[in-house]
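Single chain ahead, written as structure tokens, the form predicted alone.
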Amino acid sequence: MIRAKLRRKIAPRVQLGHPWVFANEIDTIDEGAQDGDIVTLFSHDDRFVGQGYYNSRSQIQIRLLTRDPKAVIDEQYFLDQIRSCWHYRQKLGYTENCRLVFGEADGLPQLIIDKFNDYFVIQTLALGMDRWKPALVKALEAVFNPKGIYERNDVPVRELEGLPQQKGFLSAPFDTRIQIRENGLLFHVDVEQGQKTGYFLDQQDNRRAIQHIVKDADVLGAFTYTGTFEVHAAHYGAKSVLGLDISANAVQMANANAALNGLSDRCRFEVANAFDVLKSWGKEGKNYDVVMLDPPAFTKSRETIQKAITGYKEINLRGMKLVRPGGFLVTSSCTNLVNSELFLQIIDMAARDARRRIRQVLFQTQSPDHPIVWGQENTQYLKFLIVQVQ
């Protein structure tokens, strides 16, 4: 057993269940502890706290896997955890496509696994979890007998753990452009070249939430990526749908998704800088019944949070100005650094500056296959809002 001990005076966060232990919270750790090792953590007065993996290079030096002193961290442990994650998703009805493992919320810190039918995409974002990648692949093979497993570890956060960015097959090679079905619609997913794991499963329930407001509507979507919201809008009876994204590859995929569902006659996508276009169209007096905004995270650190606030306010102000009186704005934020209260304040400020009155129709978060653990801010990140603009 490799032992680590907490300092006497630390925030109660760890004792209350948070899995992260920062470098300045550790008093001692046994000599010979190697980065990636499983360590047993004790309080300053030698009470058992938990077991987790250690990395001296990281600001978060210990990430706890279990609070059970009898648990044995081995291949069987990870197999049991994967089975538990799958059982939870089955209970909720997320069986075809889902986030199978959502990191800390599933007791597997810095592990992401997305399930697309019979294909799986995995991210091991910390050294301790990366060491168990063969065991994780073995567990997926045992539980699912998948057609393919792909690694999307081409993310900068791994470098903070002393890990290289990389991607590739963790199974026999397969065609990485696959198709999935969501809410009765078909979508292309590129697990090799797409953003993050190739598809944003966290909005799958929110995409159903637009079905009534888009009927017989002229719809504008910005930051569309591969067009999932816009294709849903056309499917739900929109009169016309135009989607904008700055990425030519994303627009190509979005138009292919519209065609895949036989909706190209009223759903199309164009390459454009949404900030510039929405501003100029507002000055021209263009308007729509529904405007949908799903921008990327405008910040990944607290140092640039003011930049994010400015960006969210600006894009929502521009979107509101394009909504016909009585129409709807559909808007999202995907960074946990902008919490729900702040996000709603930003939308309120945008409405005031646009001189439009709004009333909330719906406010919710990510789909339940991305579970939220109270007290762990990083597990609650998505804000999804529909307001009527008057």
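Because the structure is a prediction, the values reported are computed rather than measured. Counting begins at 1, following the sequence as shown.
Another form, the form predicted in complex with a small molecule, is not on view; read the next lines as being about it.
A residue is said to contact a partner when one of its heavy atoms sits within 4.5 Å of a partner heavy atom; residue 272 meets this definition for the small molecule in the predicted bound form. Although the partner is absent here, residue 245 is a contact residue: one of its heavy atoms lies within 4.5 angstroms of the small molecule in the predicted bound form. Contact check for residue 223: a heavy atom falls within 4.5 Å of the small molecule in the predicted bound form. None of the heavy atoms of residue 280 is located within 4.5 Å of the small molecule in the predicted bound form. Screening 146, 311, 162, 295 for any heavy atom within 4.5 Å of the small molecule in the predicted bound form leaves a single hit, 295. With the partner omitted from this view, the residue of 229, 86, 94, 119 that lies near the small molecule in the predicted bound form is 229 [heavy atom within 4.5 Å].
Taking the partner from elsewhere, no residue among 18, 22 and 56 has a non-hydrogen atom within 4.5 angstroms of the small molecule in the predicted bound form. Residues of just one listed stretch (272 to 280, 169 to 177, 78 to 86, 97 to 105) have heavy atoms within 4.5 Å of the small molecule in the predicted bound form: 272 to 280.
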